[in-house]
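One chain is shown next in structure tokens, namely the form predicted on its own.
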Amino acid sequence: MSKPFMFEKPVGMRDTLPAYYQTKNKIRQRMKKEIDSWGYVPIETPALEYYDTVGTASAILDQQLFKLLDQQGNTLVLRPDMTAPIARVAASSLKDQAFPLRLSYHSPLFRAQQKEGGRPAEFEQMGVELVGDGTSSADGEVIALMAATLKKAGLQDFQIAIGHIGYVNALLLDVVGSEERADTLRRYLYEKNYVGFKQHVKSLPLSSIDEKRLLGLLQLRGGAEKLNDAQELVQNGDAAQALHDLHQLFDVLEAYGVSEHIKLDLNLVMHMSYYTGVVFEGYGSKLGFPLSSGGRYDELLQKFHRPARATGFGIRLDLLVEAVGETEGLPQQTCILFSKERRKEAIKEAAQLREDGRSVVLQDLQGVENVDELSEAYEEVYYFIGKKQGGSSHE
């Protein structure tokens, strides 16, 4: 294995330079203000978690986990998502607090990537978890909050695709009869490989009616009227409950006034076994892949011995910044350039300007190679140089 070049970073790791940081931070502050205003309280969890608890409970594939050993030989993981850590906290440190809990977070997440993939292995995510409420009102609240947060961030042109894993499971099992065969079809949907789904369906020993039912699933995208088409494909109890959930959810979203951003997509499978009900993804018009996602995960909390129904969402900050398309300049700064005999005077002036809300750089003249280049980098420059005669000069 060759030694890394001095300036190389590990696969998927990126630097955040000042201008991009300013842009991201401005968007992040707008998002936080909106989330706070809905009554969600911030929480932080450790970057390291135990593999056997949070690692295995997370929605992230095992090969994407960063694993390491502690000094006792326990396998740890760098936090791959926030939902499982928050479930752990809700079942332990917050076990005496009554449900529902409304929690928010802003955290870096870590997911190992293939070298040729070009995807970040560390990224920031902002999101919320609504724990202990199984109603359609809760599902509608987190989706409406996600829409409001995207708008406040500066993204106006976006869509949220909504599906229901209960409906997908009900249809697949009703037609193919076994979890193993349904799992194969689910994987095609999870990978958004709809051509592969069609080819696999046509290779199965099905009646023409059942083949048509499975292929009909791919047509269930659009407005709420597609729920009627969905009812024609499967009519068992689980499917009926899923469609009832979706009808109620669309009513809630209409009440929130976000229907213009909503579309139905009953092909949506975001994880093979993690989600249990309504699922959703957010898309910006400039990106061909989701920048936010979420859904209902009613079985996760019982893994931490405090059963509760829950839902939430996460927004990828890097993808959102790209979709918004803003470029924030560096903040305007004042520079005070001083020589040593006027140091105290320069420090006093800097303190006064900072008190007035200015961003001030205090620079010793001896530490500057090219005064002209330095001066061009600042909005305003004060010179405290040489013996005091008539005060400072500035330009």
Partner chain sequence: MSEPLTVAMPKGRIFEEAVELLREAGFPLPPEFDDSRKLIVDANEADLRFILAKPMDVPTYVEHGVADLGVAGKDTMIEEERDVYEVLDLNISECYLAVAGLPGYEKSDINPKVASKYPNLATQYFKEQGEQVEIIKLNGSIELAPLVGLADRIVDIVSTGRTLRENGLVELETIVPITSRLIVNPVSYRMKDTRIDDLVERLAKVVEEDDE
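Here the structure is a predicted model, which means the values were calculated and not measured. Between two forms, the rigid core is defined as the largest C-alpha subset superposing within 1.5 Å. Residue numbers count along the first chain shown, from 1.
Below: the form predicted in complex with the partner chain, not depicted.
Asks: Could you tell me which stretch in 307-315, 84-92, 184-192, 142-150 has residues with non-hydrogen atoms within 4.5 Å of the partner chain in the predicted bound form?
Replies: Contact-bearing stretch, as computed: 184-192.
Asks: Identify which of Glu211, Asp238, Asp157, Glu299 has a heavy atom within 4.5 Å of the partner chain in the predicted bound form; exactly one of them does.
Replies: So the residue touching the partner chain in the predicted bound form, by this definition, is Asp157.
Asks: Which residue, Asp265, Glu124, Asp245, Asp133, is the contact with the partner chain in the predicted bound form, using a 4.5 Å heavy atom cutoff?
Replies: Exactly one listed residue reaches within 4.5 Å, namely Asp265.
Asks: I'd like to check something about Asp174: if you look in the predicted bound form, is any of its heavy atoms closer than or equal to 4.5 Å to a heavy atom of the partner chain?
Replies: Residue-level check for Asp174: no, no contact with the partner chain.
Asks: Should Leu78 be counted as a contact of the partner chain in the predicted bound form, where contact means heavy atoms within 4.5 Å?
Replies: Leu78 lies outside the contact set for the partner chain.
Asks: Is there a heavy atom of Tyr283 lying 4.5 Å or less from a heavy atom of the partner chain in the predicted bound form?
Replies: Residue-level check for Tyr283: yes, a contact with the partner chain.
Asks: Applying a 4.5 Å heavy atom distance criterion, does Arg221 contact the partner chain in the predicted bound form?
Replies: Contact check for Arg221: yes, within 4.5 Å of the partner chain in the predicted bound form.
Asks: Is any part of 310-343 within 4.5 angstroms of the partner chain in the predicted bound form by a non-hydrogen atom, and which residues would that be?
Replies: Going through 310-343 in order - heavy atoms within 4.5 Å of the partner chain in the predicted bound form - there are no hits.
Asks: After fitting the rigid core, is the C-alpha of Lys303 off by 2 Å or more between this form and the one not shown?
Replies: No; Lys303 is a residue whose C-alpha shifts by less than 2 Å between this form and the one not shown when the cores are overlaid.
Asks: Please state whether Arg221 has a C-alpha shift of 2 Å or more between this form and the one not shown, with the rigid core used for the fit.
Replies: For Arg221, whose C-alpha is compared between this form and the one not shown after core superposition, the shift is less than 2 Å.
Asks: Is Tyr188 displaced by at least 2 Å at its C-alpha between this form and the one not shown when the rigid core is overlaid?
Replies: Tyr188: C-alpha displaced by 2 Å or more between this form and the one not shown.
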